[in-house]
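Heads up, the chain below is alone and in the form predicted on its own; it's given as structure tokens.
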């Protein structure tokens, strides 16, 4: 029986070094399962009626998606356990009704056993508790503007459905159609990104969005945030996959960026119920969904044990293209990327430049109006908006603090030294800029965020290798 707890996978999952990414530290690797556990049906299939079962108070107002949401919110239920319960009950609503009825937990466990499965009695009791809480959870989910998409729904993304054990339920805020983009590329990397890495991630995210591709990432500080911000600033769509529930959004510094993503026609997605907090075990699950939603993944910067390498591992295991940006050999953020290129030639492909990446992805238009100007990319011309346009109307001191962060992240003391203003003044300004989504704080330093992160500081360029140069955009 496969169980998934809030701190990671349990049951028939083991912690292992994934063969496709040695050196990346432990990753979650499933034992070979059936492609779809019994009980998880194809879209459009109908389930047995549930009218003969006793109903817990409030359950008539629940639809099948509400029932699935209540079931996956139970700590310890994963795809195999859910499939066994659904096969025994006939539907999600029927499972809740059976569990909440007289002798419900034992009846549910027996029903699962009768079909060759196994359901621990403690977990069956947790399902009975979930049945009582299901109406409140459904009301909360709707009140937060979250859509519940089950694997049985036609709204479920086909790319994700192809995985061996796809998430049974997605909690989604934004436009569900974003998950069905014709082209989708993940851009991921370390939270401890260098300024060079952030700018490269922004250049790649902006160029992909301008070329009409959906940009998928994990909303983390660093590479992920830069890619999302650049996609939004370029007028494209992007999808952020969370390692927490929507109401425990992590990092909180990117709450404003999340709103911008939704406003731009994108979506914020989680397989976790809204109030589940972030834990170390939830992020490998998140990384698998990121790669699963994309045709290809681009790793911009990754340290020796970066979580981005888990995304790369899943990408290769899922049979999808993996691109890696090489970096200086004396920079910690490049160790994981350079090692992947050395260990997996032909599987992990080097990114020599943004234009070349678009060509390799088939995103350079060969007929009709060009989606992106390849000559501009190769010549290093700006692909980001003008930072002065974003700062127009800001106070003099506020704009000066923001400009001081454009070339690089800085500590409070560095900002005081550079601008000449008192620490209290700088802190007040940083708070306003953070509230507006233009600055993020991480690891004791401040950096530009949101639309400001996708801008191109005048005169700064980044070399990606092989003579290709792109002006730094995004961050």
Partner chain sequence: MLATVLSATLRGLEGRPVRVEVDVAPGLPGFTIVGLADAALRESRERVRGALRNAGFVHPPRRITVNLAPADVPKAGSALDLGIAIAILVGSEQVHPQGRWALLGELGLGGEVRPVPGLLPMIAALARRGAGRVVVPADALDEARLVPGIIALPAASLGQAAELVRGRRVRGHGPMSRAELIPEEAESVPGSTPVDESWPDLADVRGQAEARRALEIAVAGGHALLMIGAPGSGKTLLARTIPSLLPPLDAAEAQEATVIASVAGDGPVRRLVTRRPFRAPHHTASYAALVGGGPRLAPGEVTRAHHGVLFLDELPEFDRAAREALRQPLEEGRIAIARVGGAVEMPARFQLVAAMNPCPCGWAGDPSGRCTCPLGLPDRYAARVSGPFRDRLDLWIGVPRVAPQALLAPEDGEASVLVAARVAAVRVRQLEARGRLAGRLSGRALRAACLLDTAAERTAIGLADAAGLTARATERLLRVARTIADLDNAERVQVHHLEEAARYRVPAMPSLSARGG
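For the two forms, the rigid core is made up of the largest set of C-alpha atoms that agree within 1.5 Å on superposition. Positions refer to the first chain, counted from 1. Predicted model, so just to flag it, every value in this text is computed and none were measured.
One more form of this protein, predicted in complex with its partner chain, exists but is not displayed; see below.
Using a 4.5 Å heavy atom cut-off, which stretch among 72-80, 179-187, 166-174, 256-264 contacts its partner chain in the model of the complex? Of the options given, it is 256-264.
Taking its partner chain in the model of the complex, would 131, 147 and 246 all count as contacting it (heavy atom within 4.5 Å)? Not a single residue of the candidate spot has a heavy atom within 4.5 Å of its partner chain in the model of the complex.
Would residue 231 count as touching its partner chain in the model of the complex under a 4.5 Å heavy atom rule? Although its partner chain is absent here, residue 231 would stay clear of it in the model of the complex, with no heavy atoms inside 4.5 Å.
Although the partner isn't part of this model, could you tell me whether residue 120 comes within 4.5 Å of its partner chain in the model of the complex, counting any heavy atom of the residue? Result no; residue 120 lies far from its partner chain in the model of the complex.
In the model of the complex, does residue 295 come within 4.5 Å of its partner chain, counting heavy atoms only? Although its partner chain is absent here, residue 295 would stay clear of it in the model of the complex, with no heavy atoms inside 4.5 Å.
In the model of the complex, does residue 408 come within 4.5 Å of its partner chain, counting heavy atoms only? No - in the model of the complex, heavy atoms of residue 408 and its partner chain never come within 4.5 Å of each other.
Can you pick out, from 302, 216, 226, 312, the residue that has a heavy atom within 4.5 Å of its partner chain in the model of the complex? After the contact test, the surviving option is 226.
Residues from 187-201 in contact with its partner chain (non-hydrogen atom within 4.5 Å) in the model of the complex: 191, 192, 195, 198, 199 sit within 4.5 Å of the partner.
Does residue 84 show a Cα shift reaching 2 Å between the shown form and the other one after rigid-core superposition? No, its C-alpha moves less than 2 Å.
Would the C-alpha of residue 109 be classed as shifted by 2 Å or more between the shown form and the other one after rigid-core alignment? Residue 109: C-alpha displaced by less than 2 Å between the shown form and the other one.
Rigid-core frame, C-alpha of residue 401, shift of 2 angstroms or more between the shown form and the other one: Yes, residue 401 moves 2 Å or more.
Given a change of 3 Å or more, say if the Cα atoms of residue 409 and residue 220 sit closer or farther in the model of the complex than in this form. Residues separate in the model of the complex, at least 3 Å farther apart.
Since the Cα separation of residue 252 and residue 398 moves by 3 Å or more in the model of the complex, tell me which way: closer or farther than here. Relative to the shown form, the pair is farther apart.
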